[in-house]
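A single chain comes next, written as structure tokens; it is the form predicted on its own.
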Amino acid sequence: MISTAIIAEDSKSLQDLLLHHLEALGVREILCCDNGEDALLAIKGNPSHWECVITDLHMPVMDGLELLEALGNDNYRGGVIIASSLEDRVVQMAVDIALSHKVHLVGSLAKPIDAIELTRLLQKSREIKGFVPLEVKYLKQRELLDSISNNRILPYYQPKVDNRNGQLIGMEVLCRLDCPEEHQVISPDRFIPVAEKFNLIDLLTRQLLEQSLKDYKRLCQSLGCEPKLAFNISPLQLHNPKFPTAMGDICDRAGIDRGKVIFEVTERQIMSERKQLITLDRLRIHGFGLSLDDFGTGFTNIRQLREFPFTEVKVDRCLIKNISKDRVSQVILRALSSIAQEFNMALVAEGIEELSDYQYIAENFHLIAQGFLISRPKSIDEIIRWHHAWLKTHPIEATEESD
């Protein structure tokens, strides 16, 4: 749980109620303010200290909309929760302001305050700040080099399906390492930071792409379709002007159409340098797809989304979880759906784990779905078995044309 929070609320009774809930959840330091101006002054005094702001919209001196705008202008990086029972059009305006000013709006609380919903939104604030609950045992540089040299890179595939008809659209390719010494497959959180630190990330990406493209023909034959393959890349790799050419050469040697390959860049690390933007553009020129990953938790606003050459945008899991109950997340997804249609971008809802979220999205949106509810990342043999089972439960839908 987060440790610090600011409450901007002019109602003393609601202040007390929120204070009581936050204290019960273990929030160590809580500041109550009667208006947005006092909250803003406190944040400016120590911006990195305050992990979350819970704000009403209707307040004296400085209202909630003004506070959202000011927080964006001041580059506040904590989570923001709106606590209001005002009509949806007002909430829509708040969302628009937050998105246009790069504010981390994690959701809304209707009044009276629901303790369970408050807990969920505080957890989302914690995730935005990148909190890691457990100590990670990173590989050593030598261990990572040994894995790369001995071809122990394993592609794991997580399917992306049309949420209306179940058709397999693509797969995200996730990197794993086979580690005989530990008798297990190692997840990327233990070696990607090491690869970035010691300038091994290009080598790792190259080997993962090569191995996946070797699998591709077998995958297509077994799955009965030609899914697109999506690979995560670090913004650090966009500093390398040779990266697009190198990736193109690998595809050409494998005889795979570059249009079948998508590179995902996370929103959590800002891409502002001219060299990075040029490399993004060159990846598109070389025929690759580009996906903006984790949208809604990082730095990109709607204007930048329109300007960058992305072919796909992935909505972060923190906006998808419990979307059936969260008005703010619903408004954000509607806005993104409209922009995606206008600019011919694919829209992906990732991190779908609950049936209620999947059903809500299917009833209200037509997009690409990804998450544990559909399938966890799997090896090539496991993903082929998964697809056979998936077709049995979606026999008609999976063979129909997408709308």
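A residue's number is simply how far along the shown sequence it sits, counting from 1. The structure presented is a predicted model; accordingly, all values stated were derived computationally and were not measured.
Only in words, not in the display: the form predicted in complex with a small molecule, which the text now covers.
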Select from the listed residues Thr119, Ser324, Ser234, Gln92 the one whose heavy atoms reach within 4.5 Å of the small molecule in the predicted complex.
Ser234
Note which of Leu99, Val331, Leu204, Cys251 lies within 4.5 Å of the small molecule in the predicted complex, where distance is taken over heavy atoms; exactly one does.
Leu204
Testing 79-87, 273-281, 288-296, 163-171 against the small molecule in the predicted complex with a 4.5 Å heavy atom criterion leaves exactly one stretch, namely 288-296
Heavy atom to heavy atom, is Pro309 within 4.5 Å of the small molecule in the predicted complex?
no
Taking 4.5 angstroms as the cut-off for heavy atoms, does Arg126 touch the small molecule in the predicted complex?
no
Contact of Asp357 with the small molecule in the predicted complex (heavy atom, 4.5 Å)
no
Could you confirm whether Glu51 comes within 4.5 Å of the small molecule in the predicted complex, counting heavy atoms only?
no
In the predicted complex, do Cys175, Arg317 and Ile352 all put a heavy atom within 4.5 Å of the small molecule?
yes
